[in-house]
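The chain that follows stands alone, in the form predicted alone, written as structure tokens.
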């Protein structure tokens, strides 16, 4: 039997293409092993080690730059788009870990498995962002999902946490089945699972109109739509977000959404020209339904955590508006909005986490009465994040929505842009309702004081606020980076 020849240069290049992911996985394993030998009183060190690992991974992403580095026979590609999403995902992970320095102390989650699961989920998201093969996307999706199922139910003594985890797991298993079956149908018709090859083959009208291929693409879209909470695949979101530890909810709302949209953008921007007009109409309907249902459901919520959960559904609809456009401008707007959404949403959850005190009872909107004057810094920060989520200038949220709706108008989707603007106006009501409670409602006689934030927690809030303000005034550099990232995909 002839020996198998190993191309050392190809192996080295493949390894280099996933260097950031290797650093994150190595940190997760290191944290898990160190947890075995550390005494209980020193477990907080594990959070610091995790932050260092994420920082090293971010440094690796910046060092590699936007240059195209292909690995593993084209199954994974480090390019501008992958680098952009890795920055978003790692930033969300870093903010979550900074907040974990206080949250874990309050809630007793200073455990090695908590941080390891968070890091392993992050690595799966990064593989999804760089996957140029549908099987790589599927493996990344499962790698991110399984740790998240566990993290949602991490508070085993809370019934709402167990319920949310069970619903998320069961529906997530169905979504994974849809995704894998869709990939199988696509492969049966085309003979490949590589996204660039599929995009080239879709220029042939006979493949783009093949019923089996369309069924496969539809099932693939369903699987990814579940992860980004597009209506009608959103029913798990409120219960999972409410039941999960708030720190995990913040992470899910930003990082998981970014990873799933990374896969959607990579597939749709390449494949959409060959699948028009059918795919464009489907995305148009999904965007309208997601924006409208998310905002109308959020109007009725008195639980702030559930309100932010429905709000996250609506924001998925806004991001989809850019993808309906199907061009560089729409892709640029979607990327920019995903970045600013991560910072403003994690920031909002962070402040809410400090004020709420108790996981099950502290998120009623009445508990926020009078906070604005009693604790002006927390009130101002939460107001800033809510105003940005509502799309009010001069915040990054306004700039993001402006570019999303501008892309729709320039591509002839004027009706979609109008619906988006109206939905954004509706959302201002429930965001400002919370602000009204903070500044115009008297505090209760026994209102508890917010938790005192740790230094790292305060740093995360300040960093989020700075990004929201700076990108609301000086967004050009990030918009140019987003544009270059989309162009690197289409070249």
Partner chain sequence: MMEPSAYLLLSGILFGIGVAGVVARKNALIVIMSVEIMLNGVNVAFIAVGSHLGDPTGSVFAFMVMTVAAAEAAVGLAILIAIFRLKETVDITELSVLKW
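The shown structure was predicted, so the numbers you read here are calculated from the model rather than taken from an experiment. Positions refer to the first chain, counted from 1.
Keep in mind that the form predicted together with the partner chain is not shown, yet the notes after this line are about it.
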Exercise. Is there any non-hydrogen atom of residue 177 lying within 4.5 Å of the partner chain in the predicted bound form?
Worked result: yes
Exercise. So, in the predicted bound form, is residue 164 in contact with the partner chain at a 4.5 angstroms heavy atom limit?
Worked result: yes
Exercise. Taking the shortest heavy atom distance, is residue 191 within 4.5 Å of the partner chain in the predicted bound form?
Worked result: yes
For this session: Answer with yes or no whether residue 142 is in contact with the partner chain in the predicted bound form, where contact means some heavy atom within 4.5 Å.
Result: yes
Problem set entry | The single option of 398, 149, 405, 363 touching the partner chain in the predicted bound form, heavy atom within 4.5 Å | 149
For this session: Sort through 333, 100, 134, 389 and report the residue having a heavy atom within 4.5 Å of the partner chain in the predicted bound form.
Result: 134
Exercise. Just one of 249-257, 366-374, 287-295, 153-161 has heavy atoms within 4.5 Å of the partner chain in the predicted bound form; which?
Worked result: 153-161
